[in-house]
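Have a look below at one chain only, the form predicted on its own, in structure tokens format.
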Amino acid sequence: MVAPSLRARVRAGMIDEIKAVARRHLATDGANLSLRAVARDMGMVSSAIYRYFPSRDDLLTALILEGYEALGDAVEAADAGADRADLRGRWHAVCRAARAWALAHPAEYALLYGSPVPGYAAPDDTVAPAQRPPMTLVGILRDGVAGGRLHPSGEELPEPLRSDVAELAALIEVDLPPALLARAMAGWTQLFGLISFELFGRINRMLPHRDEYFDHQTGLMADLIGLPA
């Protein structure tokens, strides 16, 4: 393997530094990034930063991709470290890992799951990284169904919901009963609602023991999905 050239290494280092400064701006200014402000903090003329990121949207996309990949790494590692036969334990491990990552990286989490950035449309290459966390849950369900430890209820979804869920299953290539997939989607969306309410301070005054509350709520989600105790 040929080592990267000096120029390539310098460029990669500059890109990493730009993203580091941009992440600091996320923490103070939210997603209202300004390439000029980032360049100013780096001691660069504003035109120089465009050699690395042609637009604000390109920089946002780079940060979004890194965020999804980091969150995906965290939840997949948590799942891999849990007992494979303990479906509920794996679910709790994944939920706790997602929450821990969000609390440790609030600005990045807000970029991924907060209010949409005005004028920004995420490109298609963000889709696969964004699917890593929910697909981790799908993997738990697949293992449960295949191993006979998770028994779909036989519930029939009403139309047009059943068709929508079936189309989604085909799109992400998941062979699960539509009702089970719908329950998993409910659990996953409730998980991120729970994290968002805590991260954005919606429940903090009411519930000081948030670790215990989180585990209780994710247990209720596991019941909804049908994960065995």
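In this text, residue numbers run from 1 along the sequence as written. Computed from a predicted model, the values in this text were never measured in an experiment.
Absent from the display: the form predicted in complex with a further copy of the same chain. The rest refers to it.
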field: a further copy of the same chain in the predicted complex reached by all of Ala62, Ala82 and Val174, non-hydrogen atom within 4.5 Å
entry: no
message: Based on heavy atom distances of 4.5 Å or less, which listed stretch (118-126, 71-79, 140-148, 94-102) is in contact with a further copy of the same chain in the predicted complex?
response: 118-126
query: For Pro208, is any heavy atom within 4.5 Å of a further copy of the same chain in the predicted complex, or not?
result: yes
message: Quick check on Val38: any heavy atom within 4.5 Å of a further copy of the same chain in the predicted complex?
response: no
- request: With heavy atoms only and a cut-off of 4.5 Å, decide whether Asp16 touches a further copy of the same chain in the predicted complex.
  value: no
message: Would you classify Gly114 as touching a further copy of the same chain in the predicted complex, given a 4.5 Å non-hydrogen atom cut-off?
response: yes
- request: Within 4.5 Å of a further copy of the same chain in the predicted complex, which residues of 205-224 have a heavy atom? Give them in sequence order, or say none.
  value: Met206, Leu207, Pro208, His209, Glu212, Tyr213, His216, Gln217, Leu220, Met221, Leu224
